[in-house]
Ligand SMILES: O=C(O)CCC(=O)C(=O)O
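Before any questions on binding or motion, here is one chain by itself as structure tokens, the form predicted alone.
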């Protein structure tokens, strides 16, 4: 069983037991629309920057400023290629204040604290994922998150996946294999057909465990272990499936500085060291006292 330092947190014993057994936990309605607003504004700002660049380069005739949040990015890239999209990255890791506010959300940290204790480091590998219809980067092959940091002395790393729109079977919701978090890190390869470079597993490595699809409402969080096998399917709708995946780990483990600068998100022992927005913008891992 995965070791936990239960000093507090919001999860019930039944939820903890389920996470231990299955390697994941679904928390419906963890975040309200108001609590997601700052991050959504950051996403909207990024889309406007992309629209400005596409328009300035003559790739689109109209920046579609009046289009709603779920549709605008999809319509901007309609008629463009996968490589046009990948110019901006398969996922985004911009230091825009709204993302810091999301990563520092007390509701998220309360849930994570139940799993790893009250000394919480926010891993630098966070991703904003716009799954755009018809773009190959939207489909993520079967993998374990740990394949992205195979040599890091970090265990457990908790992924917190949050949908900013309703995630459905049509627009490419998350799929996973319960119980596979007890596997070792499997031998993986880089996906080479689409140019995305995702880490991927072969079909014969997936085993016989059932696959569970997880369509969820906006504001739902899915917490899972970084060894759990998971994937997502292509977006076959006409809107963007917006999600974020955040990662948290105990403070006594590898901060993975090779991937960027994470930050001290919560400390029951040294609360004065918790990083502020300004610290994060300056890529400081904690607040100097």
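Positions refer to the first chain, counted from 1. It should be emphasised that the depicted structure is a prediction, and the values quoted were computed from it without experimental measurement.
Keep in mind the form predicted together with the named molecule is missing from the figure; the text below concerns it.
- Contact annotation: of the candidates 174, 116, 74, 103, the single residue with a non-hydrogen atom within 4.5 angstroms of the named molecule in the predicted complex is 174.
- The named molecule is not drawn, but in the predicted complex it has no heavy atom within 4.5 Å of residue 180.
- Contact annotation: residue 164 falls outside 4.5 Å of the named molecule in the predicted complex, judged by heavy atom distances.
- Of the heavy atoms in residue 248, none are within 4.5 Å of the named molecule in the predicted complex.
- In the predicted complex, no heavy atom of residue 132 sits within 4.5 Å of the named molecule.
- For the named molecule in the predicted complex, the listed stretch (259 to 267, 29 to 37, 230 to 238, 53 to 61) containing residues with heavy atoms inside 4.5 Å is 230 to 238.
- Although the partner is absent from the chain shown here, none of 10, 24 and 223 has a heavy atom within 4.5 Å of the named molecule in the predicted complex.
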